[in-house]
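Next up: just one chain, as structure tokens, the form predicted alone.
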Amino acid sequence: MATSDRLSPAAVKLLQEPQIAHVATVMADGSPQVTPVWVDVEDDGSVVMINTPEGNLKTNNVAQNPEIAISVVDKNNAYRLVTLRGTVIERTTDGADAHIDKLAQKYLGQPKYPWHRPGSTRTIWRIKPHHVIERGV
């Protein structure tokens, strides 16, 4: 089990597959909140990304506390996994609609995200890992 502040090439490969991630944020009262999400990663393993609509619970939590945790477990091999703690270093709407379409292709095999809601603003979170644990990758 390796520990570092960036994902290894094997861990990047896992996150490039259509694996569901679970992201944990911290509520205002200090309690954890966990949500399953689609995940993306920079090729060099330095940044993990998720795409979410503005105004939801996890977005409100990150506005108060940018420290989060993410867990990805291979759906075909529960012993192949990556967990990380990190900081949301950027939240941007720039390119977020195109990014969710890219994720729809990855996860659904569809060129467009089918659940776009009129008036909803998508946001990309860029997360810098500061503690990564990998197993079986």
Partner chain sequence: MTSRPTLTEAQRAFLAEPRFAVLATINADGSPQLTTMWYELQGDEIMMNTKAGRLKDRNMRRDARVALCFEDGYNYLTIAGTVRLIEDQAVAQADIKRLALRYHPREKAEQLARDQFERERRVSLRLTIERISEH
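Values in this document were obtained by computation on a predicted structure and should not be read as measured data. Numbering follows the first chain given and starts at 1.
Form predicted in complex with its partner chain: not shown, discussed below.
Visitor: Using the partner position in the model of the complex, report whether His22 sits within 4.5 Å of its partner chain, counting heavy atoms only.
Guide: Within the cut-off, so yes.
Visitor: Can you check whether Asp43 is within 4.5 Å of its partner chain in the model of the complex, heavy atom basis?
Guide: Contact with its partner chain, no.
Visitor: So, Arg85 and its partner chain: in the model of the complex, are they within 4.5 Å at any heavy atom pair?
Guide: Taking the distances in the model of the complex, the answer for Arg85 is yes, it comes within 4.5 Å of its partner chain.
Visitor: Is Pro36 close enough to its partner chain in the model of the complex to count, meaning some heavy atom within 4.5 Å?
Guide: Close contact exists here: in the model of the complex, Pro36 approaches its partner chain to within 4.5 Å, heavy atoms only.
Visitor: Quick one: of Ala98, Ile89, Ala63, Leu108, which gets a non-hydrogen atom within 4.5 angstroms of its partner chain in the model of the complex?
Guide: Of the listed residues, the single hit is Leu108.
Visitor: Quick one: Pro32, Ala69 and Val73 and its partner chain in the model of the complex, is every residue within 4.5 Å by at least one heavy atom?
Guide: Yes: Pro32, Ala69 and Val73 each sit within 4.5 Å of its partner chain in the model of the complex.
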